[in-house]
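This document contains two forms of one protein chain, each encoded as structure tokens and listed individually as structure 1 and structure 2.
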Structure 1
Amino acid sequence: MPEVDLIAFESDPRSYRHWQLEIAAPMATVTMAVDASGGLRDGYELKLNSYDLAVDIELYDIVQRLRFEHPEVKVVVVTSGLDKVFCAGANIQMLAASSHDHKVNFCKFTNETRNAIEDAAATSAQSWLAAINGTAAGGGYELALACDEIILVDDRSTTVSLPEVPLLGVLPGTGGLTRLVDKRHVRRDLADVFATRSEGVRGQQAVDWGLVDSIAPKTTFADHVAARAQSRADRSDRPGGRGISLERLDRHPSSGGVRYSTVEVTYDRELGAAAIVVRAR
């Protein structure tokens, strides 16, 4: 079997390199400010808030912690810490250099993170609001699509776009196409125009097409976002108070498998099978 580098999926707020988490109950602000040199592998730079798996592992961790550790948080605002850019989506150099397996599993993981964001509103009364304060392209707009509400800054230049088909010959595959028509009920012909127009859509047209929920000029953007967040928080039944802390898993890997406190995995390399035992004590 070829040797592969194991990817560590655990993270915690002390080790975040790409996100800032700020809590001011009932609101949490999740700010994306990707460290360009903090990618999972060498050979690409995560410019313009583009992301790879390392960035998404942290986001996944944030989603879990907000749910379990912060019952006082009723609404989560995701925004960008960069000037003029919200998020440029998955890093293209990373995708171009990755094996097929890695691309497939990267997409599966990022899809699951976005599903978990949607699940937070559906089952935990913790809704997510995207405050798009700069260009949101591809996976950047798809991240917003996973939120319950999208607010776009109206400054004559900031756009939302899905440029994958025209520029990259692939799909907005992190839920983008599906959520446009299934979740946001964007008319299919407009969705087709949107997904084939690399320059994207801005301002009132983005509202008219259903791509975003509202727009606000730069001067009143923060106030508008705060008001929308408060209105969502008012409708949440999360109780406040103290949460529980998600401790690091007690994980013991070995050449023959991996053991946790209640789950043990044993590899049978000859059979290509992993036996997973769940123990109820």
Structure 2
Amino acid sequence: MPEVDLIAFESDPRSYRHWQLEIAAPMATVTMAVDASGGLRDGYELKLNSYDLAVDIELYDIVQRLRFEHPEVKVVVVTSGLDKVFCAGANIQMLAASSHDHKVNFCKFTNETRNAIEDAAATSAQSWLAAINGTAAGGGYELALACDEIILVDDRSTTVSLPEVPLLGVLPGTGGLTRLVDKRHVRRDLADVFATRSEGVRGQQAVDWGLVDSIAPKTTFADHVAARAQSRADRSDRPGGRGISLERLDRHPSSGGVRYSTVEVTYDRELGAAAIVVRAR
């Protein structure tokens, strides 16, 4: 499968294919409902809310817009629009068909998106809450780990897992083990066991191990999530006020680079170098 020569990263709510954004200040809900046929390239389907770079480009746009355009939003709830599936993680067929360079940069961008979620909480007082209403595996659980709080539906079947080691023979690619141990302070022996259990962990055990913060049965899950979100909003000192409008970029790509209204980038592929020129308007 040929690589995409130049990937466009600009997005806006009018063009989202994989996410639904609902704002009801002081809360916003971000729902993952991936269009299986909306991948960056042909040749694979994004089943079970699995993602590729196209999905994550939209998520990154959402993170920045909520942070800078909507100061009235103090807490963001991320959940799934699919039944019994939160997110299956990075699409395996996409990864198998990609070059090494593309896989590396995909993982880098995906982790930068998770970092942006954490930075919104750390420096903008806008916290994120993961409402896991279906199985969260691999990168899907890593997305939840980037949030400040994780709530898991207790339906006797929904699990969280990092199955990369037992199923693929690779380590989780976007900060899973690091966030487990350094951020959530999961005991290292439990983290080791967890990373070898392809079936994952569910229910009260997930709470006991520190993998999630709380559980709720399906009948009261929505109410529990709403109450936890409201509690976080009440404690936030995010100032509100007027946001900054993030207009869609005026982008003009060419074979040798890309030009914007005030910035121009030209690159030399053989040399592996890029030149950036900034012009005042």
Partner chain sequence: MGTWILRTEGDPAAVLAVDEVLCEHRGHWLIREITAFWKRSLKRLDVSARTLVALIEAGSCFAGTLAELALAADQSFILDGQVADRDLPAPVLVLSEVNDGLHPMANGLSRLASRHWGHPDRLDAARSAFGKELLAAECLDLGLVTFARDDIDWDDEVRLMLEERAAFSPDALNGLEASLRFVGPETTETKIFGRLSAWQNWIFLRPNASGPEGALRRYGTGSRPVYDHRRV
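By rigid core we mean the largest C-alpha set that fits within 1.5 Å across both forms. Residue numbering: structure 1 sequence, from 1. Note that the structure is a prediction, hence the values are computed from the model and not measured.
Trainee: Which of the two shown corresponds to the form predicted together with its partner chain?
Mentor: Answer 1, the form predicted together with its partner chain.
Trainee: Core superposed first: is there a CA shift of 2 Å or greater at Gly257 between structures 1 and 2?
Mentor: Indeed, Gly257 is displaced by 2 Å or more.
Trainee: With both forms fitted on the core, check whether the Cα of Gly241 differs by 2 Å or more between structures 1 and 2.
Mentor: Yes; Gly241 is a residue whose C-alpha shifts (by 2 Å or more) between structures 1 and 2 when the cores are overlaid.
Trainee: Superposing on the rigid core, is the Cα displacement of Arg14 between structures 1 and 2 2 Å or more?
Mentor: The answer is no; the displacement is under 2 Å.
Trainee: Enter the rigid core superposed C-alpha shift of Ala273 between structures 1 and 2, rounded to one decimal in Å.
Mentor: Its C-alpha moves by 3.0 Å once the cores are overlaid.
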